[in-house]
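Next up is one chain by itself, shown in structure tokens, the form predicted alone.
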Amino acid sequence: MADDEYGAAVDEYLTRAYDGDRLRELLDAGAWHPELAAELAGLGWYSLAVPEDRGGLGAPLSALGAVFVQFGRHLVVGPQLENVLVPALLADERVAAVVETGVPVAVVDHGVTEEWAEDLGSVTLTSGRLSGTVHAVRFARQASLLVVIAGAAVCLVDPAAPGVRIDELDSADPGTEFARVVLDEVPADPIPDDDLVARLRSWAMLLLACELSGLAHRSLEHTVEHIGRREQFGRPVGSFQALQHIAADMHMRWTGLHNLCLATLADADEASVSELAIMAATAKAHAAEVAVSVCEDAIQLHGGMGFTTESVVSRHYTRALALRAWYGDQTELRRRIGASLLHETDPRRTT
């Protein structure tokens, strides 16, 4: 199946089974819904990029980009990033269980941002034991397994193991639940893969960029629909030149982001670890800026109703704000990209 066919299949299903009424119901009830997770697991969405020799469909990781665009367009709640990406990267029976049940694994990663790293906490692995605290972990309370990143090591931990404490936190993100994870001398063995942390973070950044692109696209679509039917002075407000200019600029920014995501995905599977890190950071930095700005313009063109929490564009905006910072916003990532490029071209650097 071609990459765009995965996206089309997901879009068709979500259009039919995840309509506005169901979305509002799920958002109002919170971000974790076992029935939805089991439903998506039953459809095979969590096995898309799992290799065939492990029972998956064997799609390349780049094929997930089109799927995450649709997750963004339809504002799909829940641990989709963890449930889709982690089983594809980790060959472990405990991780594979998520493919069948939809019960998430949670990634305990203090490296989701550098801007507030001191506040987020950290985890260390010393003599085979994990200790530390990470103050923001997606879906940790619901997880059947914790994927803990400690420096360059990745360890799998049972949430019910002695020494593990998980505290519920409030969340401003309508699609995500957060928790604090505390580890106190928890025995663990690292997975023997030196590049796993870098690949997990890079693919997370790239897939989040695709999700942000989908959010921006749907906000644009809603806006064009709205200004085409909203009338003032006896004609649609979309006929006013000032509004046309804003809508055209929104389309231009989203198109640029969409094309950047497509170009990055086209090269991602064959890229080296270091190349993928730069490519993913570039896409995520641009997505973080564009998605938020497009959603802000969507709210403006919707007028007063755009500011209400019940409006679709308002919920897209809240989601875009939440995803903007996860694994780096535009300011953080541009600084990281610049430092990396300067390091590569520094004549004093030795290899």
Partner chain sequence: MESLDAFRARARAWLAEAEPPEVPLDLDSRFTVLRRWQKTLFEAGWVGIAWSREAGGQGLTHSHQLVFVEELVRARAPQPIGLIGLEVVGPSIDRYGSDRQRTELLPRLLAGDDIWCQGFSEPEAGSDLASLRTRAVADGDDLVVSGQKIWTSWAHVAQWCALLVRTDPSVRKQAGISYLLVDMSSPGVTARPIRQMTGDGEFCEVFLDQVRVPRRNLLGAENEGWAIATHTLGSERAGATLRRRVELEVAVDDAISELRGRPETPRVRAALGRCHVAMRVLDAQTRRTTARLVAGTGPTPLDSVDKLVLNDVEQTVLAEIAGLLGPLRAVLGSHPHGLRSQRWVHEHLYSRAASIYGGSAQIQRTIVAERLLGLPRG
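Only a predicted model underlies this, so the values are computations on that prediction, with no experimental measurement involved. Residue numbers count along the first chain shown, from 1.
Separately, the form predicted in complex with the partner chain exists; it is not shown, and the next lines address it.
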{"property": "Partner-contacting position among 97, 91, 278, 156 - heavy atom within 4.5 Å of the partner chain in the predicted bound form", "result": "278"}
{"property": "Of 132, 111, 163, 236, the one that lies within 4.5 Å of the partner chain in the predicted bound form (heavy atoms)", "result": "236"}
{"property": "In the predicted bound form, residue 255 touching the partner chain (heavy atom, 4.5 Å)", "result": "yes"}
{"property": "Partner proximity in the predicted bound form: residue 267 to the partner chain, non-hydrogen atom cutoff 4.5 Å", "result": "yes"}
{"property": "Close approach of residue 289 to the partner chain in the predicted bound form, 4.5 Å, heavy atom", "result": "yes"}
{"property": "The partner chain contact at residue 273 in the predicted bound form, heavy atom, 4.5 Å", "result": "no"}
{"property": "Contact stretch among 314-322, 281-289, 63-71, 27-35 - heavy atom within 4.5 Å of the partner chain in the predicted bound form", "result": "281-289"}
